[in-house]
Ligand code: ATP
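Have a look below at one chain only, the form predicted on its own, in structure tokens format.
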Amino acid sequence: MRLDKLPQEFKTALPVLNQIQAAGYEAYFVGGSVRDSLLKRPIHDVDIATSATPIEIKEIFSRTVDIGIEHGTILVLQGDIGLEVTTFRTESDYQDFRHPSEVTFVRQLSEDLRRRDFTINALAMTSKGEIIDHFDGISDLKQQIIRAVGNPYERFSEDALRILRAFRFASVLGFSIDLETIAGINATKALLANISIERIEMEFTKLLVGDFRQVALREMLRLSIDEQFPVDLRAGLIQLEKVSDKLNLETAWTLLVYFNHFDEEMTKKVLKIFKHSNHFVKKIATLLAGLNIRLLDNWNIDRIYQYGLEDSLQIESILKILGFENNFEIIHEIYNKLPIYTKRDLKINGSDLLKLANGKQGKWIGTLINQIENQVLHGELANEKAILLDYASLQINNKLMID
């Protein structure tokens, strides 16, 4: 099989591949980029596999970075791009069900492809667009099947993360996992306990936002793969499997913690266990709190001001997914009439108050700013500096704010 037209991503990488070949070595495009080009999906990282050893690659190119030289991977820098170039290799017994105890460099492409996870990823492509397929990956692409390369039990025993990768590909591509591969997953699923939560989170994240999430979650739940997670999410996953809407990651996790009946504290704890960033943890906790409030009452000025336009609309979108009556118009209507959008929009600040109080500091400054903020928000004070200074001066002179 041969591609009629080489995608631009490969054309950009061709100079590196051609230079390796010009030095007398074999070199091919491999893996996910080849798969996605055949599926006419967006191509992300273009990787090159070669018969040249890492030392030989470093001799060919003047600008390289040793990003994984012990496993045969060198980052080759050309212009403003960087390409991962990996030596053909075989792998010995896996010491932790994830990493090989020893990597052996080989000169045959077929040996390198044999160690890969699924047939649809065990594809290589020449500079001319000719596809090299030793394991019927093209046939599986056409039949939309996820099949382990060789013996499924061996593949998953080598690297248990491949179990979650199978469901991630099912979610993203909409493919079915073949029966022998399912049997291999079922026989080795307990090995997922050996995989770091960072790696689990990476695959789980992609699974949650896949277009075919429902089918993947259904099969994953059937095999009780979720029992290997460090937190019990099953109740939420069962409910999330019923949601047909396309989800972004924030919405997916908000729904998941909501379905699990987690409070804000538990939500933060669970997200931290899954090694999410502080920003993401805060975002989900905010969306969950806003959702719970919105379920009890409609939007008003204070809530729109508190959550802002983006979060308010996202909360309303989640409400819609849950099947509740929603009103996006009222959010825009209230937001567009707000006199200020944040405290920073006030025409007065703490420094102004300090001057009025002859430099006397204290908690009263924050209290008075909050009071002014609330009155401006509700139209009781105009957001004009002279008016706000007069109001603040009155409070200070009457010693209503200062102890």
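In this text, residue numbers run from 1 along the sequence as written. Note that this is a predicted model, so its numbers are computed, not measured.
From this point on, the text means the form predicted in complex with the named molecule, which you will not see here.
Note on contacts: among H276, K283, R294, R199, the single residue with a heavy atom within 4.5 Å of the named molecule in the predicted bound form is R199. Note on contacts: among R303, K268, R116, K189, the single residue with a heavy atom within 4.5 Å of the named molecule in the predicted bound form is R116. When contacts are judged by a 4.5 Å heavy atom cut-off, F156 does not count as touching the named molecule in the predicted bound form. In the predicted bound form, the named molecule lies within 4.5 Å of some heavy atom of D45.
Mapping the unseen interface onto this chain, R168 counts among the residues with a heavy atom inside 4.5 Å of the named molecule in the predicted bound form. Though the partner is left out of this view, P54 does not reach within 4.5 Å of the named molecule in the predicted bound form, counting heavy atoms only. Only one segment in the set 361-369, 338-346, 56-64, 32-40 has residues whose heavy atoms sit within 4.5 Å of the named molecule in the predicted bound form; it is 32-40. Applying a 4.5 Å heavy atom cutoff to the named molecule in the predicted bound form picks out N121 as the lone residue from 118-140.
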